[in-house]
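Heads up, the chain below is alone and in the form predicted on its own; it's given as structure tokens.
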């Protein structure tokens, strides 16, 4: 399992509220790949009470499980460090703030 394939796939997971992918939003903190091809995605959301919680987490799992030879996908939500707009890519900031 190649990290680049996983990262590229995560660009296709869009935060439905902001219409920006979760990588450019800076929501993905870590990707761990195990010998079994199981993958752990450590990520956060823009707020702990994000109404799109299930949609985003399921979006990550559904997109990654389409990768050939993918094992189990686990998404661990963390709240430290707290997300803020400084985590966003320049492209995401342009999309959101103009």
Partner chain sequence: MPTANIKSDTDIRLPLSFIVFGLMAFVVAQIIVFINSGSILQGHFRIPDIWSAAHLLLLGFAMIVAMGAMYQLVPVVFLTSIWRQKLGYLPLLFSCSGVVVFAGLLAFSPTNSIYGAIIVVIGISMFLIQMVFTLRQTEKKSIMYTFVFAALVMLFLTMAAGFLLAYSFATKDVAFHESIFYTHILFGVVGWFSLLIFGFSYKLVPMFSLSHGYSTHYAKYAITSYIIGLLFVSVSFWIQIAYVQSIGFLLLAIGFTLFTYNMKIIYQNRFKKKLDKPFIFSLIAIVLGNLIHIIAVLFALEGVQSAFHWGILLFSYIICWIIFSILGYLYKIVPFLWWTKKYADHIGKEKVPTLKEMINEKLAVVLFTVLTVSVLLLIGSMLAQMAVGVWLAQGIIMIVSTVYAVSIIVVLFK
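Just so it is clear, the structure is predicted and the values come from calculations on it, not from any experiment. Residue numbers count along the first chain shown, from 1.
Not pictured, yet referred to below: the form predicted in complex with its partner chain.
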query: Candidate site 37, 41 and 70: all three near its partner chain in the predicted bound form by heavy atom within 4.5 Å; finding: no
query: Touches its partner chain in the predicted bound form: residue 18 (any heavy atom, 4.5 Å); finding: yes
query: Touches its partner chain in the predicted bound form: residue 31 (any heavy atom, 4.5 Å); finding: no
query: In the predicted bound form, residue 23 touching its partner chain (heavy atom, 4.5 Å); finding: no
query: Its partner chain contact in the predicted bound form: residue 11, any heavy atom under 4.5 Å; finding: no
query: Within 26-49, the residues that have a heavy atom no more than 4.5 Å from its partner chain in the predicted bound form; finding: 42, 46, 47, 48, 49
